[in-house]
Structure formats: C-alpha cells, structure tokens
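The chain below stands alone and is given as structure tokens, in the form predicted on its own.
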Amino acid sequence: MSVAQGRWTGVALDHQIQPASSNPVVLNGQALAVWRGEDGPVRVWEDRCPHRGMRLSFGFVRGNTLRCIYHGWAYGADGQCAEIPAHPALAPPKTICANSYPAETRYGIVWTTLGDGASGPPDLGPDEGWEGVRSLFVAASAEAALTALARFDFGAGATTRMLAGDIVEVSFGPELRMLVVVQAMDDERAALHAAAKGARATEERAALAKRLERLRADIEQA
C-alpha cells in the first residue's frame, strides 16, 4: 500500500516515546528516527546521520540534542549540527543538517508526513482525553490490515467506521471510542496504533489490547 507523500500518518503512540530516547520507525519504506528531548515535543527525522550515514535511532539524547552513536556528532532540535567532538573549537557549517519531517501529537498518537506538512494531521474532533492503548506490528500489507480491520468483530454492540484513508473508529457505546491508525511500513509489513477515549477508557484498556491481539492474528491468517 502506497502512502501519498502529503498524507499525515500515525507512526507511534505518544506515551511510547520516552524523554531522552530515540526510536526507529519505517514509513512507506523510509527509515525514520522518532525522538524526544527534555523539552517535551516529539521530533521525526530521517534515520541517517549526515556525516557517515549511521542510523540516528541508534544514537543517544542529551538535553535537547540527538547525538550519533558513531562519532558523537550532535544535532539540535532544529536539525542543525551543534557540535563535532573531534573538532570542539569548530563551529559546524550550517550545511550540516539532519533531514527532518513535520511532527505533531494528537489523540495520543504521533503523526508525521513525508511531504511538506502544510495541511496538518486529520481533524478527528477534540484532542483532549485520549490515551494510548497499544501499538501492533503485523506481517501483512497496510491494505490487508485495513481490510481485516474493517470487518473485524470487536464484540457485542461495537460499530466500526472508516474516518480517513488509514484511520478506523470503533465505538463501544457512548462511553468508549477507539481510534486505530494503520501505518504502511513496506509492502509486507504494517503497524497499527490504537488510542481510546471515554469514561471507561482506562478500565477497558487491557481488554481493548486483547482484542487488538486477536485482530493481529486475524490479519496474519487472512
């Protein structure tokens, strides 16, 4: 399943990206480093150090800079190289810059786009009150995952509807909603990120996670 360059896609749950951590993500074949400094916002960069091409997701975070694990080159929140340890007196040229992508957190999910980010993530209503349920990785294409998700039986009284190209809403009555965002990794792998909202969201979180496990089995057996 191909993801349009300008489409915003969920790539992680916000609570999964811990402060001072860097995490690998693959979106439509593009390797990304999703990381968070000490100031709060999640950032999404190409998973490649401009110096020697080492994966930045292998790196480490100090304050609000991401350092490559290979030679320790440090990149600030804007992607600009801030320090070259082998040449501490050198002011790094402005041309040395990590390739970054737009990133926003909404509905408990981290969103990004491989395009210019002009439109922003989809508007699915009020942002308050959402909490992450879990992320799942499946050995199937995003198209197959969406097809299985649309027909999956989440239990008595649950209704499922498509909200956008890769987003499904599951309603369990007036007190509980769940969003499931499908992320295309490549032609044979996909990730599902689920967040819930409602008066019963916290108490039902474990039960929702079990339903998602059954969904994964259903997708991979299809």
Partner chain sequence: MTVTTDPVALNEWVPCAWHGQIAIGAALDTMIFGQDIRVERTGDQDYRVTTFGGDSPRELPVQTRYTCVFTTLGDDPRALPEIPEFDEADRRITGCGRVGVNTSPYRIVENFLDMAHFSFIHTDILGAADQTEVLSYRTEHRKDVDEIWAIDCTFYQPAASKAAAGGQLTKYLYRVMSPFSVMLYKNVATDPSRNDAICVFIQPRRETECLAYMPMAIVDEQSTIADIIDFQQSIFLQDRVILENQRPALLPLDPTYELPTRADASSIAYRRWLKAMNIRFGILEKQAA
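Computed from a prediction, not measured in an experiment: that's the story for all the values here. Residue numbers count along the first chain shown, from 1.
Not on display, but discussed next: the form predicted together with the partner chain.
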*asked:* On the criterion of a non-hydrogen atom at 4.5 angstroms or closer, are W73, H87 and T95 all touching the partner chain in the predicted complex?
replied: yes
*Quick one: find which of 131-139, 112-120, 77-85, 148-156 has residues within 4.5 Å of the partner chain in the predicted complex by heavy atom distance.*
77-85
_If the cut-off is 4.5 angstroms on heavy atoms, which of these, V26, V61, A164, I69, is the one near the partner chain in the predicted complex?_
I69
*Are any of the heavy atoms in L176 no more than 4.5 Å from a heavy atom of the partner chain in the predicted complex?*
no
*Although the partner chain is absent from this view, report whether G40 comes within 4.5 Å of it in the predicted complex, heavy atoms only.*
no
*Classify R48 as contacting or not contacting the partner chain in the predicted complex by the rule of any non-hydrogen atom within 4.5 angstroms, answering yes or no.*
yes
_Since only the chain is shown here, I'm wondering whether R55 would be in contact with the partner chain in the predicted complex (any heavy atom pair within 4.5 Å)._
yes
_Contact set, 116-132 vs the partner chain in the predicted complex - heavy atom within 4.5 angstroms_ = none
